[in-house]
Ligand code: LMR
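Quick heads-up: it's one chain on its own, the form predicted on its own, in C-alpha coordinates.
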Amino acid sequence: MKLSPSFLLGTLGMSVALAFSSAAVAQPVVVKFSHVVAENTPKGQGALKFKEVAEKLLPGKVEVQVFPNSSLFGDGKEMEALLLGDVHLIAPSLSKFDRYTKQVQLFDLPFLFDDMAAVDRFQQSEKGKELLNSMRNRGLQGLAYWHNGMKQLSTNKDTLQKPEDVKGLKFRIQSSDVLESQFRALDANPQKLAFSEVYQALQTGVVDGQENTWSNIYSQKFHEVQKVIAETNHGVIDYMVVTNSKWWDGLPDDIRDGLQKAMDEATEFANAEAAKLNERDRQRIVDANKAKVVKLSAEDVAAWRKAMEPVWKKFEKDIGADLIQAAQQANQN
(Lines give C-alpha, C1' and ligand atoms only; values in the text may rest on other atoms or scores of the structure.)
Protein backbone atom coordinates (compact mmCIF):
# COMPACT_ATOMS: atom_id res chain seq x y z
CA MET A 1 0.00 0.00 0.00
CA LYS A 2 1.45 3.31 -1.01
CA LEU A 3 1.15 6.08 1.56
CA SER A 4 0.56 9.62 0.41
CA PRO A 5 3.12 12.32 1.16
CA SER A 6 0.53 14.22 3.18
CA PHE A 7 -0.13 11.16 5.34
CA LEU A 8 3.59 10.67 5.91
CA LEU A 9 4.04 14.32 6.84
CA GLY A 10 1.10 14.13 9.19
CA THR A 11 2.45 11.00 10.85
CA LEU A 12 5.89 12.58 11.17
CA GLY A 13 4.35 15.70 12.66
CA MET A 14 2.46 13.67 15.22
CA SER A 15 5.62 11.75 16.14
CA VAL A 16 7.58 14.96 16.62
CA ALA A 17 4.75 16.45 18.67
CA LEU A 18 4.59 13.36 20.86
CA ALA A 19 8.38 13.42 21.30
CA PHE A 20 8.28 17.05 22.43
CA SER A 21 5.31 16.31 24.67
CA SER A 22 7.12 13.39 26.30
CA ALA A 23 10.21 15.53 26.79
CA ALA A 24 8.12 18.24 28.39
CA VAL A 25 6.48 15.75 30.75
CA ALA A 26 9.88 14.35 31.66
CA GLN A 27 11.16 17.76 32.75
CA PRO A 28 11.26 17.94 36.56
CA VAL A 29 9.44 20.68 38.45
CA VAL A 30 12.11 23.15 39.55
CA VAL A 31 11.60 24.37 43.11
CA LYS A 32 13.73 27.37 44.04
CA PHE A 33 14.21 27.72 47.80
CA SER A 34 15.80 31.03 48.79
CA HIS A 35 16.87 32.03 52.30
CA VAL A 36 19.09 34.66 53.91
CA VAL A 37 21.21 32.77 56.44
CA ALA A 38 24.25 30.50 56.37
CA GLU A 39 23.96 26.80 55.56
CA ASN A 40 25.24 25.83 59.02
CA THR A 41 22.18 27.36 60.75
CA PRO A 42 18.95 25.48 61.55
CA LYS A 43 17.21 27.07 58.57
CA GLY A 44 20.12 26.34 56.27
CA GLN A 45 20.22 22.71 57.36
CA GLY A 46 16.45 22.41 57.07
CA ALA A 47 16.49 23.67 53.49
CA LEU A 48 19.13 21.10 52.54
CA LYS A 49 17.17 18.33 54.24
CA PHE A 50 14.03 19.37 52.32
CA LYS A 51 15.96 19.13 49.05
CA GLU A 52 17.33 15.71 49.97
CA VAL A 53 13.97 14.25 50.98
CA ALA A 54 11.92 15.84 48.18
CA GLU A 55 14.23 14.55 45.46
CA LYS A 56 14.24 11.12 47.10
CA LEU A 57 10.44 10.96 47.33
CA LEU A 58 9.92 12.37 43.84
CA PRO A 59 12.87 11.06 41.79
CA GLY A 60 13.07 12.76 38.41
CA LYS A 61 9.90 14.72 39.14
CA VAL A 62 11.34 17.62 41.13
CA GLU A 63 14.62 19.46 41.31
CA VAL A 64 15.07 21.58 44.44
CA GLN A 65 17.57 24.41 44.14
CA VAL A 66 18.65 25.98 47.45
CA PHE A 67 20.05 29.52 47.55
CA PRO A 68 21.49 30.41 51.00
CA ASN A 69 23.01 33.62 52.38
CA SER A 70 20.85 36.01 50.33
CA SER A 71 22.61 34.70 47.20
CA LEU A 72 19.40 34.95 45.16
CA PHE A 73 17.34 37.57 46.98
CA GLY A 74 17.98 39.51 50.17
CA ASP A 75 15.45 39.55 52.97
CA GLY A 76 14.07 42.85 51.67
CA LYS A 77 13.20 41.38 48.28
CA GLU A 78 12.40 37.70 48.75
CA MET A 79 8.71 38.15 49.57
CA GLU A 80 8.17 40.20 46.43
CA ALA A 81 10.09 37.60 44.42
CA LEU A 82 7.86 34.85 45.82
CA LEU A 83 4.66 36.68 44.91
CA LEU A 84 6.01 37.31 41.40
CA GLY A 85 6.88 33.63 40.97
CA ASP A 86 10.64 34.20 40.70
CA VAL A 87 11.20 31.85 43.65
CA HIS A 88 8.96 29.13 45.06
CA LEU A 89 9.86 28.70 48.72
CA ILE A 90 11.19 31.14 51.28
CA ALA A 91 11.42 30.93 55.06
CA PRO A 92 11.27 34.47 56.45
CA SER A 93 11.26 35.29 60.10
CA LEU A 94 7.73 35.49 61.44
CA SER A 95 8.31 39.22 61.95
CA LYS A 96 8.18 39.71 58.19
CA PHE A 97 4.49 38.81 57.88
CA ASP A 98 2.92 41.66 59.82
CA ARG A 99 1.97 43.51 56.63
CA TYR A 100 0.02 40.47 55.44
CA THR A 101 -1.72 39.59 58.70
CA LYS A 102 -1.50 41.36 62.04
CA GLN A 103 -2.12 38.09 63.87
CA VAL A 104 1.40 36.83 63.22
CA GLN A 105 2.69 39.79 65.26
CA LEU A 106 1.91 37.48 68.16
CA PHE A 107 5.33 35.85 67.87
CA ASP A 108 7.14 39.17 68.37
CA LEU A 109 5.53 39.93 71.73
CA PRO A 110 8.29 40.00 74.35
CA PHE A 111 8.30 37.32 77.05
CA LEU A 112 5.23 35.57 75.60
CA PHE A 113 6.72 32.07 75.59
CA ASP A 114 8.69 30.55 78.45
CA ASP A 115 10.80 28.34 76.21
CA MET A 116 10.94 26.64 72.82
CA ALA A 117 8.80 23.72 74.06
CA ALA A 118 5.96 26.19 74.64
CA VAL A 119 6.50 27.69 71.18
CA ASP A 120 6.27 24.23 69.66
CA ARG A 121 3.11 23.36 71.57
CA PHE A 122 1.37 26.49 70.37
CA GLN A 123 2.47 26.08 66.74
CA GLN A 124 1.14 22.52 66.68
CA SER A 125 -2.18 23.58 68.20
CA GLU A 126 -5.30 24.33 66.18
CA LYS A 127 -4.79 28.07 66.59
CA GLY A 128 -1.17 27.83 65.53
CA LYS A 129 -1.98 25.81 62.43
CA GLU A 130 -4.72 28.25 61.43
CA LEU A 131 -2.10 30.97 61.10
CA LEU A 132 -0.42 29.00 58.29
CA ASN A 133 -3.55 29.54 56.20
CA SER A 134 -4.26 33.11 57.31
CA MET A 135 -2.59 34.80 54.31
CA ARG A 136 -4.06 32.89 51.38
CA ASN A 137 -6.07 35.96 50.42
CA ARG A 138 -2.72 37.73 49.97
CA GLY A 139 -1.25 34.96 47.81
CA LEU A 140 0.76 33.23 50.55
CA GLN A 141 0.43 29.67 51.83
CA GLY A 142 2.29 28.68 54.97
CA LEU A 143 3.66 25.13 54.93
CA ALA A 144 5.49 24.82 58.24
CA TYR A 145 7.05 26.57 61.21
CA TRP A 146 10.79 26.21 61.58
CA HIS A 147 12.49 26.99 64.86
CA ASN A 148 15.54 29.12 65.28
CA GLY A 149 15.51 29.76 68.99
CA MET A 150 15.10 32.18 71.84
CA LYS A 151 16.49 35.68 71.46
CA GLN A 152 19.35 37.21 73.43
CA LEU A 153 20.41 40.87 73.61
CA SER A 154 23.90 42.11 72.83
CA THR A 155 25.63 45.50 72.84
CA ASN A 156 29.01 47.11 72.33
CA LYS A 157 28.91 48.48 75.88
CA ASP A 158 30.46 46.98 79.01
CA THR A 159 27.24 46.52 80.98
CA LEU A 160 24.00 44.79 79.98
CA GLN A 161 22.13 43.67 83.06
CA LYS A 162 19.11 45.89 83.55
CA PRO A 163 16.67 47.66 81.20
CA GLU A 164 18.22 51.05 81.95
CA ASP A 165 21.52 49.80 80.50
CA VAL A 166 20.13 50.10 76.96
CA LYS A 167 18.65 53.56 77.30
CA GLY A 168 19.60 55.68 74.27
CA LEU A 169 21.36 52.81 72.47
CA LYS A 170 20.69 51.99 68.82
CA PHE A 171 19.47 48.43 68.21
CA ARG A 172 19.12 46.71 64.90
CA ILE A 173 15.68 45.17 64.49
CA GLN A 174 13.79 43.29 61.84
CA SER A 175 11.05 45.22 60.09
CA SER A 176 8.38 44.80 62.77
CA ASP A 177 6.14 47.30 64.51
CA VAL A 178 6.10 45.15 67.65
CA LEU A 179 9.90 45.01 67.84
CA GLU A 180 10.09 48.74 67.25
CA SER A 181 7.70 49.31 70.16
CA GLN A 182 9.67 46.85 72.29
CA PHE A 183 12.81 48.95 72.09
CA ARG A 184 10.90 52.22 72.39
CA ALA A 185 9.54 50.86 75.68
CA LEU A 186 13.18 50.47 76.79
CA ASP A 187 13.97 54.08 75.75
CA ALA A 188 16.30 52.64 73.09
CA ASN A 189 16.42 53.55 69.39
CA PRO A 190 15.39 50.75 67.00
CA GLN A 191 16.94 50.71 63.53
CA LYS A 192 15.49 48.50 60.79
CA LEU A 193 18.26 46.79 58.83
CA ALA A 194 18.47 43.79 56.52
CA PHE A 195 20.08 40.74 58.12
CA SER A 196 22.97 40.83 55.65
CA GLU A 197 23.88 44.35 56.82
CA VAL A 198 24.00 43.67 60.55
CA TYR A 199 27.63 42.61 60.99
CA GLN A 200 29.02 45.70 59.30
CA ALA A 201 26.57 47.95 61.15
CA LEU A 202 27.76 46.50 64.46
CA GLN A 203 31.40 46.64 63.44
CA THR A 204 31.26 50.29 62.40
CA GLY A 205 29.02 51.45 65.25
CA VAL A 206 26.05 52.33 63.04
CA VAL A 207 24.11 50.39 65.68
CA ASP A 208 25.16 49.56 69.22
CA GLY A 209 23.42 46.26 69.59
CA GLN A 210 21.03 43.62 68.30
CA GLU A 211 18.80 40.74 69.38
CA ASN A 212 19.23 37.26 68.00
CA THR A 213 19.56 33.56 68.67
CA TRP A 214 22.80 31.89 69.67
CA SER A 215 23.14 30.16 66.30
CA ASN A 216 22.65 33.39 64.35
CA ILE A 217 25.02 35.31 66.61
CA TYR A 218 27.72 32.70 66.16
CA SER A 219 27.29 31.93 62.45
CA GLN A 220 27.28 35.63 61.55
CA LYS A 221 30.14 36.39 64.00
CA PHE A 222 28.16 39.08 65.79
CA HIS A 223 29.90 38.07 69.04
CA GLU A 224 33.19 39.28 67.55
CA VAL A 225 31.91 42.85 67.26
CA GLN A 226 29.93 43.04 70.53
CA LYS A 227 31.23 43.29 74.10
CA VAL A 228 28.44 41.65 76.03
CA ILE A 229 25.51 39.29 75.44
CA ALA A 230 22.75 39.07 78.03
CA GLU A 231 20.95 35.74 78.21
CA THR A 232 17.47 37.28 78.27
CA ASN A 233 15.45 34.68 76.32
CA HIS A 234 13.01 37.57 75.89
CA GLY A 235 11.51 36.48 72.58
CA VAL A 236 11.60 33.95 69.81
CA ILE A 237 12.93 33.97 66.27
CA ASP A 238 11.12 31.40 64.21
CA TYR A 239 10.35 31.12 60.53
CA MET A 240 7.36 30.28 58.44
CA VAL A 241 8.20 28.31 55.32
CA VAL A 242 5.85 29.87 52.81
CA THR A 243 5.02 29.44 49.16
CA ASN A 244 2.99 31.21 46.49
CA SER A 245 -0.53 29.83 47.01
CA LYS A 246 -1.39 29.96 43.31
CA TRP A 247 1.78 28.05 42.37
CA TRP A 248 1.21 25.52 45.15
CA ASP A 249 -2.43 24.89 44.23
CA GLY A 250 -1.45 24.47 40.58
CA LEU A 251 0.98 21.61 41.22
CA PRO A 252 -0.08 18.07 40.30
CA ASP A 253 -1.49 16.29 43.35
CA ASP A 254 1.34 13.78 43.61
CA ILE A 255 3.98 16.53 43.43
CA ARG A 256 2.24 18.68 46.05
CA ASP A 257 1.70 15.71 48.38
CA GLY A 258 5.33 14.64 48.02
CA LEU A 259 6.62 18.15 48.70
CA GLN A 260 4.43 18.43 51.80
CA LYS A 261 5.74 15.11 53.10
CA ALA A 262 9.29 16.29 52.46
CA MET A 263 8.48 19.55 54.27
CA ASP A 264 7.10 17.67 57.28
CA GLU A 265 10.26 15.56 57.53
CA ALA A 266 12.52 18.56 57.01
CA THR A 267 10.61 20.46 59.71
CA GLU A 268 11.15 17.75 62.29
CA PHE A 269 14.83 17.65 61.38
CA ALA A 270 15.30 21.44 61.34
CA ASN A 271 13.61 21.95 64.69
CA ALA A 272 15.71 19.28 66.36
CA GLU A 273 18.78 20.80 64.73
CA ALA A 274 17.85 24.23 66.06
CA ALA A 275 17.96 23.01 69.65
CA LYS A 276 21.34 21.33 69.15
CA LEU A 277 22.93 24.22 67.26
CA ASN A 278 21.83 26.86 69.75
CA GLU A 279 23.22 24.89 72.68
CA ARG A 280 26.46 24.22 70.81
CA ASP A 281 26.88 27.78 69.53
CA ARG A 282 26.22 29.32 72.94
CA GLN A 283 29.16 27.32 74.26
CA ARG A 284 31.30 28.28 71.27
CA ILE A 285 30.61 31.95 71.97
CA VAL A 286 31.60 31.47 75.61
CA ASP A 287 34.77 29.62 74.58
CA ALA A 288 35.71 32.29 72.02
CA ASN A 289 35.88 34.78 74.90
CA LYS A 290 35.28 37.78 72.65
CA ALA A 291 31.89 38.84 74.04
CA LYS A 292 31.03 38.30 77.71
CA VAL A 293 27.93 36.16 78.22
CA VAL A 294 25.86 37.39 81.18
CA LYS A 295 23.28 35.22 82.96
CA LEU A 296 20.48 37.29 84.46
CA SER A 297 18.95 36.80 87.89
CA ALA A 298 15.22 36.23 88.33
CA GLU A 299 14.95 39.82 89.59
CA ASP A 300 16.71 41.13 86.49
CA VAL A 301 14.40 39.17 84.17
CA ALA A 302 11.38 40.49 86.06
CA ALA A 303 12.62 44.04 85.47
CA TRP A 304 12.96 43.40 81.72
CA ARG A 305 9.47 41.89 81.64
CA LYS A 306 7.97 44.88 83.39
CA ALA A 307 9.75 47.35 81.08
CA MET A 308 8.39 45.60 77.98
CA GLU A 309 4.90 44.95 79.37
CA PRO A 310 3.20 47.94 77.62
CA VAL A 311 3.88 46.34 74.22
CA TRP A 312 1.28 43.63 74.87
CA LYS A 313 -1.53 46.07 75.51
CA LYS A 314 -0.62 48.16 72.47
CA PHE A 315 -0.97 45.26 70.03
CA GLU A 316 -3.67 43.19 71.74
CA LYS A 317 -6.47 44.48 69.50
CA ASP A 318 -4.58 43.80 66.24
CA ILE A 319 -3.43 40.33 67.26
CA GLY A 320 -6.53 39.25 69.15
CA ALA A 321 -6.82 38.65 72.88
CA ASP A 322 -7.98 35.05 72.24
CA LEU A 323 -4.85 34.27 70.23
CA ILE A 324 -2.58 35.73 72.91
CA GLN A 325 -4.41 33.69 75.53
CA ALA A 326 -3.99 30.50 73.48
CA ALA A 327 -0.25 31.19 73.22
CA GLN A 328 0.01 31.80 76.96
CA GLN A 329 -1.73 28.50 77.65
CA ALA A 330 1.07 26.71 75.85
CA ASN A 331 3.33 27.70 78.76
CA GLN A 332 1.14 25.83 81.22
CA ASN A 333 1.32 22.36 79.68
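Just so you know, these numbers come straight off a predicted model, no measurement behind them. Heads up: residue numbers just count along the shown sequence, starting at 1.
Keep in mind that the form predicted in complex with the ligand is not shown, yet the notes after this line are about it.
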Heavy atom within 4.5 Å of the ligand in the predicted bound form - residue from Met135, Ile237, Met116, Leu112: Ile237
Listed residue that, although the ligand is not shown, lies within 4.5 Å of it in the predicted bound form (heavy atoms), from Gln226, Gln105, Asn212, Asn244: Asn212
Heavy atom of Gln182 within 4.5 Å of the ligand in the predicted bound form: no
Touches the ligand in the predicted bound form: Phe195 (any heavy atom, 4.5 Å): yes
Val36: touches the ligand in the predicted bound form, heavy atom cutoff 4.5 angstroms: yes
4.5 angstroms heavy atom contact with the ligand in the predicted bound form for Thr232: no
Contact segment among 201 to 209, 92 to 100, 248 to 256, 138 to 146, judged by heavy atoms lying within 4.5 Å of the ligand in the predicted bound form: 92 to 100
Sequence-ordered list of residues in 162 to 177 near the ligand in the predicted bound form, where near means a heavy atom within 4.5 Å: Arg172, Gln174
